[in-house]
Structures are given as structure tokens and as C-alpha cells.
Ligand SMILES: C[S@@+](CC[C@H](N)C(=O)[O-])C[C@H]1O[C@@H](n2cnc3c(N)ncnc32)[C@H](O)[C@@H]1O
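Only one chain is given next, in C-alpha cells, and it is the form predicted on its own.
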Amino acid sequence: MLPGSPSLPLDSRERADRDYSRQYNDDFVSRWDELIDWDKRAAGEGTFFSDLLLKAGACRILDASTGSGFHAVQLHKAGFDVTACDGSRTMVERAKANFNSRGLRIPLVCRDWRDLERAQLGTFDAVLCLGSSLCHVFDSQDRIDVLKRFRSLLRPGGVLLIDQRNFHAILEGHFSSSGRYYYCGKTARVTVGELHESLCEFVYTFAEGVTYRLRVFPILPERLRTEMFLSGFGELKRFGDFRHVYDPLRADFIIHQARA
């Protein structure tokens, strides 16, 4: 991931918002899989991503924001050659533990998106940036730079898949966390705290009252579409909660697909 680097000075709160690695502290990450519930998420998501990748002829996959490793494991089990990557040390440690507990040997690296070239990972048929992770990048030009880095890792015609919270709906007052597809665990409640056109704060409250917060930039779908186009991607498609036809004010997540 790539923190924003605007020209104007940032106050301490803004610097903290842009430091994604500090938001994913040890305590929060230790409960991440409890929040997700891998079995329920796998049932809700089905074969959506593997179907898209197979249709695109993809074999070698970079899971560029692997988090605790859910999608890397699912795609590995589906027969893809997966490399997992994340910029958060705590998430990488969690993913490693999840891989080991399942007896899976999935290559795993801890890299900020700025340093992907130095990792010498080679080229891929597809790059996945899931978990609404790109929203940790607050500056538009920085996001375009990240997208260009992803494109440089793709073979010609390779596929980029990005998902994001449905910030259009959230900013319109239609926040939804249905628990059907993404955060499927039953021990935590997800709500929205501070919200405006430059910031969205998600509040995760667990059953015993422990609370964690993630503060991200609310990228609107059309804005991200434009930034993907400016980064050299084409053939852009969009899905809502794994459906091509969806209600733009009711979907929890938006998934973007593009070709290099």
C-alpha cells in the first residue's frame, strides 16, 4: 500500500489516517478472521473471482492486498498459481499462520506497493487488490501511481480486479453491512463514524465492547474508473456484490475489472 504524499503539510490526525499499517495493529488483526468468518464468506462469494480469472485465461495471480490470506487460499485451492503480498506486517504474519495451519505453501511477501518492483516478483496474468484496500491511498495521483505499478506487473491483456466499499451509497446515507458476503462474522458490528467527501471512518465493535477503527478515503466508483483509465487500463467492467446488475444504493461492495 502507498500512503498519500500531498504537497500541503499534514496534521497529526491526517498523518495517522494515511498510515494504514498503524491502523492494523496486533489486537485488531488478531480478530480479523473472527470478523470475516472464512466459511461463510466463501459460501457467500462462491466462485465469482475464480470464474472471472478462468474466463480471462489467468493462471499466475498476485494477491496484492492479501490481508489475512483468505483470497490467496481460495484461489490456491482452485488451482491458481498465487503469490500473496501485503504492506502490513501484522497482516502478513496472520496470513502466514493461516497458510501454515492449512499446510499450504503460498509465496508471501511483505511489501508496500511502492516497493513492488524491488520485490522482483515477475509478471502475472492477474493482480487482485481486494478488501477495499486501495482506499487507504488518499491522494488521486498516488492512486494512479499505484495502478500504474499494478499494470507494470501484468502481462499484456492481463486482468486487474479491485473492490471497494460502496462509497456512493454510504455518502448518500445508505450504509449497509449485510454480513452476507464480506464481514460475515456474528461477533462484531460494523458502523460508520466520521464521514465526509474526504474521509470515511469504519467502526468495528466486538461483542464485549472492544472497538477498532479504520479511516480511509471514500473513492467513488466513477472516480476510480477514471483513475484506472488514466493508468492505462481498458475494458472496464463493474459489479455490485458479485452481480453485473445491481442496485447502486444497496450493494455493500463494488468490484472493478479492467485489462492491461
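Worth saying up front: this structure is predicted, and the values here are computed from it rather than measured. Heads up: residue numbers just count along the shown sequence, starting at 1.
One more form of this protein exists, namely the form predicted together with the ligand; it is left out here, but the text below deals with it.
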Subject >> Position in contact with the ligand when the complex is considered in the predicted complex, options Trp32, Phe217, Tyr212, Phe49, heavy atoms within 4.5 Å >> reply: Trp32
**OP:** Go through Phe167, Tyr183, Phe138, Phe80 and name the one with a heavy atom inside 4.5 Å of the ligand in the predicted complex.
**Re:** Tyr183
Original post:
Among 65-73, 191-199, 226-234, 49-57, which stretch has residues with heavy atoms no more than 4.5 Å from the ligand in the predicted complex?
Top reply: 65-73
Original post:
Looking at the ligand in the predicted complex, do all three of Tyr20, Met91 and Arg111 come within 4.5 Å of it through at least one heavy atom?
Top reply: yes
**OP:** Although the ligand is absent from this view, report whether Asn98 comes within 4.5 Å of it in the predicted complex, heavy atoms only.
**Re:** no
Original post:
Would Phe239 show up as a contact with the ligand in the predicted complex if we use heavy atoms at 4.5 Å?
Top reply: no
**OP:** Answer yes if any heavy atom of Leu154 is within 4.5 Å of a heavy atom of the ligand in the predicted complex; otherwise answer no.
**Re:** no
Original post:
Does Gly87 make contact with the ligand in the predicted complex, using a 4.5 Å heavy atom cut-off?
Top reply: yes
Original post:
Looking at the ligand in the predicted complex, which residues in 124-147 have at least one heavy atom within 4.5 Å of it?
Top reply: Leu130, Gly131, Ser132, Ser133, His136
